[in-house]
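What follows is a single chain, given as structure tokens, in the form predicted on its own.
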């Protein structure tokens, strides 16, 4: 099995299982990926492989990146990502090796990592779900403001000020998000498509990393062991 796959989010649709139940799924263009570098404990101090995906025009890359991919016998690639592996597993990889979604055929649950949609600078009502202040007599026209932010600032003579982690306005979205333990519904080996149950982070055409699920609930753990 591959350490992980690189892909893009195609969009969402639905399929019907054998019992006729409607299942919402996300379609992911997973691969093909290529091994662009192999790191060994002797040379680099740790064991890892670097995967590359999606061709790119040379003029949109850099000379250093073009040379790096050329050493692996690859044309310039757009995405590169490194993954740690066990030293004993390094023998299963070679430079330029192609890795397709077929390597995930025996996997039932995956983690999907992506960047969430950016929503710009937002206030506390939209960002944290605050209800706002009363819209009645005695309240200024600031009903969506957070109100007092220094209520816990007194520190017995120590330094005052809002505490770390206080919910306040700020940038919303545009963060690395991991959707864990998603069910693998179907795999299309001919088109390198992976269908997972439910939504994944980011918008359409967003870059994603797919790996075998690292944490499973008891029920899913039993299902994974049974396969």
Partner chain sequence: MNKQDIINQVESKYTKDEIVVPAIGDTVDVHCRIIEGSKERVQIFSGVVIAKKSSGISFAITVRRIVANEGVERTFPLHSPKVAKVEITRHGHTRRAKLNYLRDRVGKSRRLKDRRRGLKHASVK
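Source: prediction; values computed, not measured. Positions refer to the first chain, counted from 1.
Omitted here: the form predicted together with its partner chain. The next part is about that form.
- When contacts are defined as a non-hydrogen atom within 4.5 Å, all of 11, 16 and 195 contact its partner chain in the predicted complex.
- Contact annotation: residue 29 falls within 4.5 Å of its partner chain in the predicted complex, judged by heavy atom distances.
- Proximity of residue 215 to its partner chain in the predicted complex: non-hydrogen atoms within 4.5 Å are absent; the residue sits far from the partner.
- The closest non-hydrogen atom of residue 191 lies within 4.5 Å of its partner chain in the predicted complex.
- By the criterion of a heavy atom within 4.5 Å, residue 186 is counted among the residues contacting its partner chain in the predicted complex.
- Stretch 198 to 206 is the answer when you ask which of 198 to 206, 35 to 43, 48 to 56, 164 to 172 has residues with heavy atoms within 4.5 Å of its partner chain in the predicted complex.
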